[in-house]
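Consider the single chain below, provided in structure tokens and representing the form predicted alone.
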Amino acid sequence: MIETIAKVELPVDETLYIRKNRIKPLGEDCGKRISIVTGIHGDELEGQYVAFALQERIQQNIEHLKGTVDVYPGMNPLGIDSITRGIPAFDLDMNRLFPGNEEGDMTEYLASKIVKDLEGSDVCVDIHASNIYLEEIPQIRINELHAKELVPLAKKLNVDYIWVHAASTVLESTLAYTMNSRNVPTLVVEMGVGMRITRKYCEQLVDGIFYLMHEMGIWTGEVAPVREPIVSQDGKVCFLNANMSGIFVSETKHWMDLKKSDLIGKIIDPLEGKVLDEIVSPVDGILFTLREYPVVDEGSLIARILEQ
């Protein structure tokens, strides 16, 4: 059932709607509730396919649904329509507005209505993608303040990597922080590339959502086994940045074991046909973030390596 959780009148006779699709068992009292959130950033589209594939599979086997599934595919519809990360015209990152204020301006009002509607969920999964410059393997990022509760849930979502951040690096104005502070366990998924859909990553996550729903008693149908993710704390991640401007050409593959001094890629000069710099791994580890967009400036992020 399609429900409107927020509505705002816009100029020129237009209306902004934030909607969800609530799927419930037929003829039964609902058990637990899981909420799937995506589209907070308008240029992150991986979650759009997850929302579709999840609902398609549920509808094909609705007899196995024993709880409530709420799917919020477009939390920032103006951003999605204009292919912009934030809320256009306001130049605001929606994920810096929570918990919002129902008596505030339009953006604060929308944030407050989202929080109010998500309250009461037993689990919330907040799906994001990377930007257009980087590709991320499917991973979950967790504030260490909530790690004890969230890591066991994250292990059920079929991701490759769980990255526990120090509390000092987590912004309190995000949706995940707000909901976790309100006793709604919320997992932040990062995967893929901005403005793209990486179907293999999306389908991997959908399998994980079904596994989590099965463990929660929301789903009684068959589920695929999930992979065992790597779990890391802050201090084990190595960031590699460009030392100069040019065109980055990768010489390795994503999610690959690297040895110290292995070649990751080169920065080249297409005008003179020269190699300006070689990017090598400073440690033994696994490459979990890799530059996707070739043009780089000095300081541009090239890769992240999970040090082993």
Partner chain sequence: MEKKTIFQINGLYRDDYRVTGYEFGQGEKSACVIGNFRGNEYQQIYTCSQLIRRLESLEKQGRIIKGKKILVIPSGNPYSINVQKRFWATDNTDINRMFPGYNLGETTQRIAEGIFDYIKDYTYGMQFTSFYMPGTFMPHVRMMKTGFEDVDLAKEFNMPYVVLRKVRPYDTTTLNYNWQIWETKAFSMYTTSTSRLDVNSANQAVNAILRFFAKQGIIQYESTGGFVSRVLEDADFVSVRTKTAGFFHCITQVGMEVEKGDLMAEVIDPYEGTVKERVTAPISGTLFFSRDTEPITYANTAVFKLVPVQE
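Numbering follows the first chain given and starts at 1. A quick note: this is a predicted structure, and the numbers were derived from the prediction, not measured.
A second form of this protein, the form predicted together with the partner chain, is not displayed here; the remarks below concern that form.
Proximity to the partner chain in the model of the complex (heavy atom, within 4.5 Å), stretch among 119-127, 191-199, 218-226, 98-106: That would be stretch 98-106.
Output flag, Leu10, Phe90 and Asp297 jointly within 4.5 Å of the partner chain in the model of the complex, heavy atom basis: Yes, the whole trio is in contact, each within 4.5 Å by some heavy atom.
Sole residue of Ala51, Ala242, Leu258, Leu65 within 4.5 Å of the partner chain in the model of the complex, by heavy atom: Selected option: Ala242.
Close approach of Asp269 to the partner chain in the model of the complex, 4.5 Å, heavy atom: Flag for Asp269 set to yes.
4.5 Å heavy atom contact, Gly265 and the partner chain in the model of the complex: No, no contact at 4.5 Å.
4.5 Å heavy atom contact, Glu149 and the partner chain in the model of the complex: Outside the cut-off, so no.
Touches the partner chain in the model of the complex: Tyr133 (any heavy atom, 4.5 Å): Tyr133: yes, in contact with the partner chain in the model of the complex.
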